[in-house]
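Heads up, the chain below is alone and in the form predicted alone; it's given as structure tokens.
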Amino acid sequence: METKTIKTENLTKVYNGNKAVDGLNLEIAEDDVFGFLGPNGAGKSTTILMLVGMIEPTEGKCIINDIEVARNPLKVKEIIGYLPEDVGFYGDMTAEQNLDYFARFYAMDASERKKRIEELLELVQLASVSQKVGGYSRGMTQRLGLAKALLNDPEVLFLDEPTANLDPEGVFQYRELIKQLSDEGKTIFVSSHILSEVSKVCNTIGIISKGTLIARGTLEELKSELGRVGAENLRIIVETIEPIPEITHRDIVNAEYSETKRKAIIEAKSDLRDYISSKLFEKGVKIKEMRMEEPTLEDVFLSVYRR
């Protein structure tokens, strides 16, 4: 039976009569990398704050590894790591000094702290940086925040907008690190509005709107759902040796041809590749390439929101 590492039951948070999170029910399996998607103000950060024990729910429960968070916040903090959207450090201290300060909350002895901090600074590529944290770029601060979140070697890791301040090289390093941590057996909860990043690192995805979960599944499952509801047309790209004659079919919504007529982008309600192939064969037109563009995570996201 699949183990559920993270679970919420009717999770609700009300601020001034407004529901920031509204009856959220989530189950996230052990070792999963879960992407929590939604626009700003959808309830992502509020959900994470309840999951990590920073705020209490108005109603409902958060459960991590069979521990109810609101009843045992300190016990939960021993097994989780958390990278907030805006991570803060002491600017007049070095990275090593900052991490040593926070490591003391986990009752590590001096030698254990030193070894763990050296490993983490190497992991986030800050081992050779001697300047005080006050002089760090936002990307460097974000990487140090990830090291802080990993101090206690957590079983479950929560990341809130982890790539918001990273440059392209930093984003690549982040992706590699998430894969490494996942391979180590950690369960990772990634909250973000950057769809492309979620699609590259997450195994399953949940989409939240106005505090309510409106879709959940793997990217392939969400794409399949998108196809079933007919929310988006398929895009078929055709490139040929000879000019393409005009192709007509009741399922073709739109067709754009290049100036040379040797390339066409066809939007259709169904997969017409076999039909297009036979029509071009009849006209003696040789196909150089034909492919169908799969719906992207952006297509899924927008489709779900439109519904």
Partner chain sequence: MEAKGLFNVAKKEFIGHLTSKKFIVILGLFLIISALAMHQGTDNYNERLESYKEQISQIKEVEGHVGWMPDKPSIMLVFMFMSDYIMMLGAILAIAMGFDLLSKEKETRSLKSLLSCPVFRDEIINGKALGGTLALVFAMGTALLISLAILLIFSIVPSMNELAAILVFGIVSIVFLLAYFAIALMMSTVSRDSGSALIYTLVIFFILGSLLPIVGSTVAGMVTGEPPEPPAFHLQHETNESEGTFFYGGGTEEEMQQYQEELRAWSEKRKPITEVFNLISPNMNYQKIAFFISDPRIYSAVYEQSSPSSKSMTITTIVGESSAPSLQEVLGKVWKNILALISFSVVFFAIAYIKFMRMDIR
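Positions refer to the first chain, counted from 1. If you're wondering where the values come from, they're calculated on a predicted model, not measured in any experiment.
Keep in mind that the form predicted together with the partner chain is not shown, yet the notes after this line are about it.
Interface membership of K186, defined by any non-hydrogen atom within 4.5 Å of the partner chain in the predicted complex, is ruled out. Using a 4.5 Å cutoff between non-hydrogen atoms, I247 does not count as a contact of the partner chain in the predicted complex. For the chain shown alone, A107 is a contact residue for the partner chain in the predicted complex, at least one non-hydrogen atom being within 4.5 angstroms.
Contact annotation: L195 falls outside 4.5 Å of the partner chain in the predicted complex, judged by heavy atom distances. Among the residues L272, L49, L280, L26, the one placing a heavy atom within 4.5 Å of the partner chain in the predicted complex is L49. When you look in the predicted complex, the only residue of P154, G217, G139, P84 with a non-hydrogen atom within 4.5 Å of the partner chain is P84.
Residue heavy atoms within 4.5 Å of the partner chain in the predicted complex occur in exactly one stretch of 121-129, 195-203, 90-98, 233-241, and that stretch is 90-98. Residues are counted as partner-facing when one of their heavy atoms sits within 4.5 Å of the partner chain in the predicted complex; in 246-281 not one qualifies.
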